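Shown here is one chain on its own, the form predicted alone, set out as structure tokens.
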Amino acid sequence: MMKENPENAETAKKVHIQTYGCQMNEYDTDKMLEVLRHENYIQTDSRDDADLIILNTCSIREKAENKVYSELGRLRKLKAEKPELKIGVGGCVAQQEGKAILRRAAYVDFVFGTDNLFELPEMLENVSKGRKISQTERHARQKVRNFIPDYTFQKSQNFGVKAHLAITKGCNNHCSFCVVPFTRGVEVSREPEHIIAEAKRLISAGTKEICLLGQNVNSYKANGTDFVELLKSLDKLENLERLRFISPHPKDFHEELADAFVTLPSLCEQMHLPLQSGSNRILRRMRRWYTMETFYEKVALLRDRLPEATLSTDLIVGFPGETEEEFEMTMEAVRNVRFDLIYSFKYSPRPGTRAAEYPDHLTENVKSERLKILLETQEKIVREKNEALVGTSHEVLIEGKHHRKENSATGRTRGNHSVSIKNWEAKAGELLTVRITGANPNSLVAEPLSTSPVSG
């Protein structure tokens, strides 16, 4: 995450932003910090030091929403001790709840939706005049493809070795369990020239790896440029070492995109492909519009070209009406595909979605037991796959010093495996060839094969 130092740092105010949810929310937080920099704010990791606290919220999962309200409860005391403290709530929960948050937590000063973060200066000005603000309306800007104003980018920014870059926002799929179309609106693709310009700024600031973001990232299309053409343009950028993207939809994964993993040097041999369920009936009820047969075909598109490619996925257990047999279909898919990583969740009803109105909701005990079985199976698969990597060599992008071990560094392979490198003090951003010497449940241990970094 970016940290700024305005020229008049001595008089700068301090902002603390608590981020919940997905990479898109993390990206939005960075944009808030960029906007606030122009209002003479600097970032602080401490709530106690802050002049402004913003909760950037997520409503995809019920637990994340509950965390937001719990955090607001803790902020009540801080507000009482510091009446001048400004508290704001943004993101998806704010987009859904709007003024209800101000009624439930009267000490909150302003609420703003996912399309309103660039209006922070105006909102803060109104708050300073004693007004309560609820700004969740979508404006014409939603239809403008360059939905991230250029004025927020400055040469002095420090983006780090890895960075996210949003290329779409919103979604048109309307999966029956998902609130994204309601909280982030219809799908909008950003103009390619603005994406390339932002990528160049990131690279000039030292970024080596860019991950493209979108709720349905591979359906990108703007000004006659589709997703694969955009990848090709980004791949040509000098000093961009690695390129990834998340989160694609299986229906938009095709041969041309599979070929890109082979032909584009910067595109990493790793892909996230959300499955959600192994049952065709449940997939229809989820409105996912593919079958297990077509999902297996998509997996083969990638693995036939790159057998060593890593594959991650999303899975929901306990969807309304899911039978024991249908849960076993999901388990069969996990055992067949052998994902390198899964993000698994118990189904939770979200307000306004179709699935929330479905009959036959499962009990928490049933959902918890199924999630336990899924996680135990996946842990065994990951352990076996990690152990099979011992003795192999990989290129690692160094992310920094190990937080516990002296004279050690941490980084990630092109397949996105987390690696701890023994006896090596490399600078963040260096590429290093290593040999895997050990395997842990969630990471690998390695030693350098060379005495100097790989040239980019």
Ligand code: SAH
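Residue numbers run from 1 along the displayed sequence. Just so it is clear, the model here is predicted, and its values are computed rather than measured.
There is another form of this protein, the form predicted together with the named molecule, and it is not shown here; the text below is about that form.
Contact annotation: Q215 falls within 4.5 Å of the named molecule in the predicted complex, judged by heavy atom distances. Among heavy atoms of C178, some come within 4.5 Å of the named molecule in the predicted complex.
In the predicted complex, the named molecule lies farther than 4.5 Å from every heavy atom of T207. Within 4.5 Å of any heavy atom of the named molecule in the predicted complex lies no heavy atom of F261. The contact with the named molecule in the predicted complex, taken as any heavy atom within 4.5 Å, belongs to Q276 out of Q276, S279, S134, Q378. Shown without its partner, this chain lists F345, Y107, F118, Y358 as candidates; in the predicted complex, only F345 has a non-hydrogen atom within 4.5 angstroms of the named molecule.
Exactly one of the stretches 199 to 207, 313 to 321, 99 to 107, 225 to 233 approaches the named molecule in the predicted complex with heavy atoms within 4.5 Å, and it is 313 to 321. Along 373 to 392, not one residue places a heavy atom within 4.5 Å of the named molecule in the predicted complex.
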